[in-house]
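A single chain comes next, written as structure tokens; it is the form predicted on its own.
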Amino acid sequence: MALRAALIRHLRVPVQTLSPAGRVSQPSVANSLFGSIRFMSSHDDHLSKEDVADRVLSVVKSFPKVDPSKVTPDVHFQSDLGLDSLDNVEILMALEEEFKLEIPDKEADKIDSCKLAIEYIHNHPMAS
């Protein structure tokens, strides 16, 4: 899935505009200068690690069973915050919603601290 997303981000697709009658319209000045290629963004607006860290910490601090004063980038969900495995799942679901991504179960089982969550989300190509 990540490979597919990376390839799609870098594709350039030729574009032809249709008139309301369904005919291909005459090329504009821009098209004659630059051809009929539409340049797509390569998602260079990827989140910085600092932005990811701030948002992850905000999500963890807002979790009802967490004392916000104990939350740091290096905090472990279970040993430092006293959360159980179900709480860990709920935090990861909140992070998925915050960053509009899906963390596979295999990867989610490994994320047990803010540091690992920040690292995973920062490296995820679809995080927004």
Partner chain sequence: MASTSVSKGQILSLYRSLLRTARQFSDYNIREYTKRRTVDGFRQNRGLTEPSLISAAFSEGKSQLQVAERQAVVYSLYAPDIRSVMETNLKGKR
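Residue numbers count along the first chain shown, from 1. These numbers were taken from a predicted model, which means no experiment stands behind them.
We do not show the form predicted in complex with its partner chain, though everything after this point is about it.
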Review point. Could you tell me if residue 118 has a non-hydrogen atom within 4.5 Å of its partner chain in the predicted bound form?
Key: no
Practice item. Verify the contact flag for residue 85: yes if a non-hydrogen atom of it lies within 4.5 Å of a non-hydrogen atom of its partner chain in the predicted bound form, no if not. Key: yes
Review point. Does its partner chain get within 4.5 angstroms of any non-hydrogen atom of residue 90 in the predicted bound form?
Key: yes
Review point. Contact between residue 97 and its partner chain in the predicted bound form at 4.5 Å, heavy atoms?
Key: yes
Revision key, fill the gap. Of 59, 53, 103, 81, the only residue with a heavy atom within 4.5 Å of its partner chain in the predicted bound form is 103
